[in-house]
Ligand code: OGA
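Next up: a single chain in structure tokens, the form predicted alone.
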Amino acid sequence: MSLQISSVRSGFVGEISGIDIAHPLDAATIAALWQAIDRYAVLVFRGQRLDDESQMAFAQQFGELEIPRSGQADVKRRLRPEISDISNLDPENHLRGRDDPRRFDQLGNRLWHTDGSFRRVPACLSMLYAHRVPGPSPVGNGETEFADMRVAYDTLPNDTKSEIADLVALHDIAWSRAQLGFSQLLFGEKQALPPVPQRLVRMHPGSGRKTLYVAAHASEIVGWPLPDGRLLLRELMEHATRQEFVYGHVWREGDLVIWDNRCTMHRGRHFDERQVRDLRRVTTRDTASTLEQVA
């Protein structure tokens, strides 16, 4: 079979079929997937059969892997250090208790964010694979929602585009967790991951489109009074997450979803935490700080 792409939403989210990503891809297929990423920003692969090693091998065909926060810390972990454990399981594969600090930290994923923006060189692509998904429940099904930050930028008033064109925001993992009242950072981030500046408006290198670059990690606007900067960031987040800009992915076991952190935000949704939700993410690094890239 050959690679096929069907549009899930016009210009945002493409479903890929016709390839088995558990095996190495040829250069033409990788180039076609990059073109699809540049066009859609979110790609969905259904019915894949991946273990941790094949997921990592697939990701490495698209760039250098980013080591997760937990992977750089001396902690007991369930998975190998290159993989982000997006689950409700502890290192012994038991469901985490409601008062487990790792659960509190994971709740930060339910805020709108973009992966790795709190690093000087932020994340490029994230690749999340579903091993086990919870069933439907009254509280939610554990979907992941994605916001198209290209369209969010395009639909801003021209005066706003002019105002924010050259602004820089500080991104801080401690800020995003503090919004939930969780100040106990688990992996020494205050020393290892101090706040970093990132452009508020980026030029996406693959598509040539301008995109908003905001997230729950964005704590303030450099050079602005703190209240003014936080109001602007909140208003931009509210604009970017209007329903018409958002796709909600309903997970099936065997799904792999790629998203481009340079032009999307995402968040996890509620689910019945008495059921297992085991998703695993591998992420590639961008090539430079946003301040070193063309705006």
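Keep in mind it's a predicted model, so treat the numbers as computed, not measured. Residue numbers here begin at 1 and follow the sequence given.
The same protein also has a form predicted in complex with N-oxalylglycine (OGA), omitted here; what follows describes it.
K.L.:
Out of 239 to 247, 261 to 269, 37 to 45, 22 to 30, where are the residues with a heavy atom within 4.5 Å of N-oxalylglycine (OGA) in the predicted bound form?
P.N.:
Looking at the partner contacts, the answer comes out as 261 to 269.
K.L.:
Would you classify T144 as touching N-oxalylglycine (OGA) in the predicted bound form, given a 4.5 Å non-hydrogen atom cut-off?
P.N.:
So T144 counts as contacting N-oxalylglycine (OGA).
K.L.:
Should L128 be counted as a contact of N-oxalylglycine (OGA) in the predicted bound form, where contact means heavy atoms within 4.5 Å?
P.N.:
Contact with N-oxalylglycine (OGA), yes.
K.L.:
Taking the shortest heavy atom distance, is D115 within 4.5 Å of N-oxalylglycine (OGA) in the predicted bound form?
P.N.:
Yes, D115 lies within 4.5 Å of N-oxalylglycine (OGA) in the predicted bound form.
K.L.:
If we define contact as a non-hydrogen atom of the residue within 4.5 angstroms of the partner, is S207 a contact of N-oxalylglycine (OGA) in the predicted bound form?
P.N.:
S207: no, not in contact with N-oxalylglycine (OGA) in the predicted bound form.
K.L.:
Identify whether N-oxalylglycine (OGA) in the predicted bound form is within 4.5 Å of every residue in the set I86, N109 and R277, based on non-hydrogen atoms.
P.N.:
Verified in the predicted bound form; spot residues all in contact, yes.
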